[in-house]
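Okay, so here's just one chain, in structure tokens, the form predicted alone.
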């Protein structure tokens, strides 16, 4: 299985800035067979970057899309419009859930729409600080995972990536707020078991599971050596070229 390094640029970079960053990243990176590098710029930058990117080195991901393929939905971008432009799409990110009010039903439709349009969804799941404090982590992870995959058939499970992002650990610089390897390993094991219960053990083993939560070059190696973790979903650190390249280099060393 490949190791996935995904940079979520969120609401950062103009189109020009994104283009310059991608140009520098392409010049820096060699071709990796076993590392899949993905960057997810803002929607407005996706199309011009798709004309610039070398997909042997880097794939493009969308940060969001709407589940209907066409219609009267002012301001939205559909998965069908992103087809051929984005290879991946981030679905169910905590910021979409808690800032924009997306629920499991909407996320389930987005996962299905992504697969329908041949874009691989990266389904994000994760508990809040209060949910963890009240011992609800298991229920939250199961509910979000099952909810997001409701419309995914057995044969389509291989077209999905799962990203565990504990909400309480995102954008944290405090050691006390960082997820420990043991905490991550426990949830990754739960995700794998839940997938096995639904789809069978053999199919569940082929689903990549990523971790995201204040990932940087200093802790990427530790996260990548956790059993069952197949890659990283990176926010702020992906905006700094040297930091992002260091994380990719770390992934290569871990794979070696």
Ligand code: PEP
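Numbering follows the first chain given and starts at 1. Here the structure is a predicted model, which is why all the values come from computation and not from measurement.
Missing here is the form predicted in complex with the ligand; even so, the following discussion is about that form.
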Considering non-hydrogen atoms and a 4.5 Å limit, does the ligand approach residue 212 in the predicted complex?
yes
Even though the ligand is not shown here, does residue 10 get within 4.5 Å of it in the predicted complex, heavy atoms only?
yes
So, residue 119 and the ligand: in the predicted complex, are they within 4.5 Å at any heavy atom pair?
no
Is residue 95 a contact residue for the ligand in the predicted complex, using a 4.5 Å heavy atom cut-off?
yes
Heavy atoms within 4.5 Å of the ligand in the predicted complex: which stretch in 67-75, 108-116, 161-169, 131-139 meets that?
161-169
Give, in sequence order, every residue of 226-245 that has a heavy atom within 4.5 Å of the ligand in the predicted complex, or say none if there are no such residues.
233, 234, 235, 236
